[in-house]
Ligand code: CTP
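This document opens with one chain alone, in structure tokens, the form predicted on its own.
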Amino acid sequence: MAETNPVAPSGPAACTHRVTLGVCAGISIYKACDLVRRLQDRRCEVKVVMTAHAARMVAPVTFQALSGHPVITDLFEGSGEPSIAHIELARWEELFLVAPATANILGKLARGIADDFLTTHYLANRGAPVLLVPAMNGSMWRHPAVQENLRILEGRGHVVLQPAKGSLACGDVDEGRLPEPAAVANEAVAILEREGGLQGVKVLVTAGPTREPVDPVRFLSNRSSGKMGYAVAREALQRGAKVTLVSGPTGLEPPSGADFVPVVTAAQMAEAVRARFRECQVLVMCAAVADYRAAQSLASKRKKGKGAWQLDLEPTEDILEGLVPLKGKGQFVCGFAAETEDLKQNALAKLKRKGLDLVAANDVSREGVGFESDRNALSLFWPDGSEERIPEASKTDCARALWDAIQEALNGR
């Protein structure tokens, strides 16, 4: 069924949200025209910023007529003096949306290059959420440089709406299509409505693996990349929470705005979490803490020529189980369970044994999800025995769905 188009709001007084729409030069730019209307249908006031190349593809007067506001294309006023409009716009907006976001603009935003109004305005951002909607050729989308830039931008807490798969302007059938304007508008409004949902809530998140030394050059660890935990921390920040992230060693950039506490061993993570647990309202224990450590770590490197090496292992501290006696009234604790078999049975046992409010379990034996992947799939288990499933999606989307569930539980209290 085709989506109906309600009458757009008659003016700013009828709008509930303020959106800056950045438009870049891609063949899908025509969808940005429809996107303005879709946002207005959802009671958003829209101001448009265009790159110089975008203005060569669609005349700015088109977006001016649709939005009811002058369109900004240049950083400089007629006098030749730099304009401060990028600062004023940053004070006005509640969401900064870029669609289509080209490979060029993603690179500039990731690296902090400010050579036009759109990129300069981005650096003037005052905490408004950022939604990026990439659109490009499939090969460009998968290029390591583009993917690295996306990881940087997501690390700052920005939401990246994945491109759709279909017919592209080049004739390929591939990833890279700009999602339909209605879907983009829905995502924009969802972000605006989530914004502030955890305002002022103190959240403690753990992420990544721990490393247990065997000698000065070797350690015991696991395959956790930390991506899920970092996504959980970013999403909490996006919703207004005060986030502390305790992380084992990863190659990830800490989310901007989080109180970042780096640790290495399970003992260090346990100490860091215990020291901060009483002050937090929500704990999400996403880290893959090593279960065992060497009973004795050598002071110098063991040489290979010494023959067979038998290690004596001892269990590390169970961090979550140790927190049960410290849990105060109203605190919400979510644990993660990475399983390879009997997922539901093991997750429910962990939930009960550790006195948790929620367990998010994932099957790490599945290819392409879980450890060392950008995607995940979760099963949420509650103390009343109920189960919710978060189907396979990006870890950012999984984190979003997880927080939706946690917020609903918190509001239900």
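Sequential numbering from 1, following the sequence displayed. This is a predicted model, so every value here is computed, not measured.
Missing here is the form predicted in complex with the ligand; even so, the following discussion is about that form.
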Discussion item. Check for me: heavy atom within 4.5 Å of the ligand in the predicted bound form, for each of 285, 338 and 353, yes or no.
Written reply: yes
Worksheet item: What is the one choice in 159, 289, 231, 178 with a heavy atom within 4.5 Å of the ligand in the predicted bound form?
Response: 289
Worksheet, complete the sentence: With the partner omitted here, the residue among 193, 318, 215, 88 that in the predicted bound form has a heavy atom within 4.5 Å of the ligand is 318
Discussion item. Please pick out the stretch from 131-139, 107-115, 178-186, 309-317 that is in contact with the ligand in the predicted bound form, where contact means heavy atoms within 4.5 Å.
Written reply: 309-317
